[in-house]
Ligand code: ATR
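Before any questions on how it binds or moves, here is one chain, the form predicted alone, in structure tokens.
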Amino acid sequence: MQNKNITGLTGVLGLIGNPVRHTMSPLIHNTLSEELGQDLCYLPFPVEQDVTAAVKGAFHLGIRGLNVTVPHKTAVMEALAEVDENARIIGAVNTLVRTENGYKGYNTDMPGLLRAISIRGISLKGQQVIVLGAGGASRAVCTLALSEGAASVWLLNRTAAKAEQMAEELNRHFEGNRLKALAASDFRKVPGVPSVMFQCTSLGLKEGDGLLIEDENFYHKATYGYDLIYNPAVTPFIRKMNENATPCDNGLSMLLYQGIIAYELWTGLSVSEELAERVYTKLKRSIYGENLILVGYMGCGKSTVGRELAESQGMHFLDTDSMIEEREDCSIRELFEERGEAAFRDLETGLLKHLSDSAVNTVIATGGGIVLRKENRELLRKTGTVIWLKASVEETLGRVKSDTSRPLLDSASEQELAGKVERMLQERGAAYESAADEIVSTDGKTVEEISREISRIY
């Protein structure tokens, strides 16, 4: 957030809880205020014990709205003038909206989760839902699933007693028996039908954590998986979903949308999906680290520079051509010969869509023609900082003239190859420039020199 001009008219929003030092909520709300032109400032307030006194004080100080985090989400309810019915069912409040007589409490976590999965095209209505863990977050997810008309909800916990108590209470409220409780060891009793799966335990927060259920076949039930943990980005559950090629998300989107819904309650404004995406990108990069994307013509050094850069910066490395070859189990040349260039470009676009959602702290080397589609250029910019590794025709020829793996460079003679390279560089130049945030010339430079130059820019 840029320096804000605070005046006597600036409204105050905030977060109470303990600890709050590392909260990402100021980034969300102050970015929204800046983008929407609202004279509001969001601040964290550490409250160790007396949450009732804190809420009363905030009201008398004129604070417009508050978020509430651990350990006060339940205790704060006693300090409120009113509590929304959904928050009362869940038994926790995370958002306080100022009214004439005090604050009204809401729980925006589950509406936030619902918005996050709905945008991904996931509906819970009529679905079998599997919830792992029986803590407070699990209760909220079960409540959401039952409210949204899930056909059945299976609640699995290390010990059955806690899950059974929760199931009894929620089944009574929803006047049915759709919520089934099981000990995790009884996972085989869950019907083997396509399911939406939520990971609500703390497994994944610590290095070395495993899964609540280790059996490989259990996770094949999932058509979509969501882990409420967002840091680290890849938990054992998310890793398992990725291994099974199952669409999945971590809890960062829920963090975003619960904040957006709170902001909408405080201001009466509606946050567009375009703005939500911009805030999400800012949030993701702030937490996980920026991605660096290398684009450029064949032979400009994207893969070799990318590996060197990733190693020197402590980042991950991915090569889109290599990923496509591995996924399709054939070479780029074979893909061009058997399916054609258009089909290959479709594979590139699909992979970019995946990386724009999942890649963090990663150097990504791309194929030479990935920038040709406008959609791809937009996805590249969404995914990270784009660096165009620019090489002259002469430099490029020296690097690629003996490379037989590139189908677009097939030529009868070196002269014909030179003409083809020059023509393609001219045709693609505007697309590279349009996609790029920065341009780095690679002529006459070593891999280490190029990597250092990018590091200084980054």
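Since the model is a prediction, treat every value here as computed from it, not as a measurement. We number the residues from 1 along the sequence you see.
The following text describes the form predicted together with this ligand, which does not appear among the structures shown.
Interface residue among 102, 247, 135, 91, judged by heavy atoms within 4.5 Å of this ligand in the predicted complex: 135.
Checking 386, 315, 212, 144 for any heavy atom within 4.5 Å of this ligand in the predicted complex turns up a single hit: 212.
Heavy atoms within 4.5 Å of this ligand in the predicted complex map, among the stretches 345 to 353, 247 to 255, 198 to 206, 114 to 122, onto 198 to 206 alone. Residue contact with this ligand in the predicted complex: residue 157 places a heavy atom within 4.5 Å of it. Although the partner is absent here, residue 162 sits close enough that one of its heavy atoms falls within 4.5 Å of this ligand in the predicted complex.
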